[in-house]
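Taking the form predicted on its own, here's one chain by itself in structure tokens.
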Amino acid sequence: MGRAFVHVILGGGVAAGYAALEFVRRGGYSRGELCIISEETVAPYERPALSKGYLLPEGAARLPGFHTCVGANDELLTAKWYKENGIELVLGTKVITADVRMKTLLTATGETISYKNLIIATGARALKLEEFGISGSDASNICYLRNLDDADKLVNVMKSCPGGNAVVIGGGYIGMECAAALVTNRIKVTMVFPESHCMARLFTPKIAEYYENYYTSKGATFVKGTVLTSFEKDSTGKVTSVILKDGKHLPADMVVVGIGIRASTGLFEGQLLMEQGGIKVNGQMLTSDGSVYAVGDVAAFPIKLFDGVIRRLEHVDSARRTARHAVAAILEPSKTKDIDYLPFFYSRVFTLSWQFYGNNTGEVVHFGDFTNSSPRFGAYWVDKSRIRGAFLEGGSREEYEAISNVVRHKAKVINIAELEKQGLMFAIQESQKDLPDGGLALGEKPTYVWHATAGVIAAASIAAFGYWYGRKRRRW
């Protein structure tokens, strides 16, 4: 048994939904020629909602409210939408082998699905404690967060221990956002991670200090520079305490693990070129095989801003943009230029909201007020007298646009001390004039999406901790 499609999207995450919408907008297929294969049983949805609005104690976000593509303030793509547009949703289906040479996929049910063009949107999976030699993470009160089932389990476990103790393992995105959600649910939180400060891959010590102090003021506790080694459990197998490397025991009614992700490349190992832990693609999102594209977390692609250096970016904005670009390249290859992506990351926790653009390499220049309870502060990263990256907490739409512009155009810095003194005003002033030696005006409209600064709230917000669906895309 088998089916054949012209276009197959493998994976049902964020990228799949945005790719589907791009196919429809460009009219590049006939009814029955396009399908999405997903292990999940629901149509593609906005994954960031899981660590934000889905975990709220009141007014929580629920499907169908956060299907793609509402994260870009665009259409809501429910299962009905896919049917109306002639797109086959093959849900609850696991692909066990892929044959790139034969252009076929074999599902766990024994069905063979063939394609002319394949878009790999398999994303990434959460790293498990067992991969670090720690057993027992199958306990009923240990939670991960990558998909809807994970989120449902986390919600149920939270409800089972009101006012209890939670230990969050990991100080990155998932750890920080889940910790904020737990606190909002009136659960006592202890965060454990091996680094010297939270969000170590992005935050400077000074930036991290502000957020750690803020979390502490909300009742969270930080245990840094150590890792867990094992668990204590009761007779039912539930975790009762977390044992750290230094011998310390932390009481735990629940544990949330956020220790990173790994790109889901297994089906294509040995068939496609790999780099940066993902599938290597060119500026068209095309892999080493002429009929296979890769997008989102699984794709390692060249960043023009970084002089063509290959990067794999684990963020929703990259998934949206690369998915749409791949579809454009499939349908109109002669008209589609290489992707020119400005790396962009953001987060919202409690009443705080930050955005980062570019690359955090070079000398760091901090600016703004790090002491206010309603802060507005940030940092520039300067290398070879050029702005390479910029971070801002508490900015307005115009201010975020300004810092993104100086990064995109690598604004020149003449004097570091003066840059520190000017702070945010440097970006604002540069955005109001032509870049002296770059040709493009800094005040031009940016080519990235404003999905993190002026959108719609997905659910009732508890202390402004709602899930923000996103921002209206600008066409690129």
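Numbers follow the displayed sequence, beginning with 1. Model, not experiment: these values are computed from the prediction.
The form predicted in complex with a small molecule exists for this protein as well; it is not shown, and the discussion that follows is about that form.
**Prompt:** Thinking of Thr184, Lys218 and Phe377 as one candidate spot, does the small molecule come within 4.5 Å of a heavy atom in every one of them in the predicted bound form?
**Reply:** Answer is no for this spot.
Query raised in the report: Looking at the partner-bound form in the predicted bound form, is Phe306 within 4.5 Å of the small molecule by any heavy atom?
Result: Although the small molecule is absent here, Phe306 would stay clear of it in the predicted bound form, with no heavy atoms inside 4.5 Å.
Check: Is Gly123 close enough to touch the small molecule in the predicted bound form, meaning at least one heavy atom pair within 4.5 Å?
Finding: Gly123: contacts the small molecule in the predicted bound form.
| request: May I ask you to check whether Cys143 falls inside a 4.5 Å heavy atom distance of the small molecule in the predicted bound form? | output: Although the small molecule is absent here, Cys143 would stay clear of it in the predicted bound form, with no heavy atoms inside 4.5 Å.
*Closest heavy atom of Arg47 to the small molecule in the predicted bound form, within 4.5 Å or not?*
Looking in the predicted bound form, residue contacts with the small molecule include Arg47, since a heavy atom lies within 4.5 Å.
Notebook entry, point to check: Just one of 247-255, 87-95, 399-407, 324-332 has heavy atoms within 4.5 Å of the small molecule in the predicted bound form; which?
Noted result: Every other range fails; the passing one is 87-95.
Original post:
Considering Leu286, Leu267, Ala208, Ile310, which brings a non-hydrogen atom within 4.5 Å of the small molecule in the predicted bound form?
Top reply: Going through each option in turn, the one that passes is Leu267.
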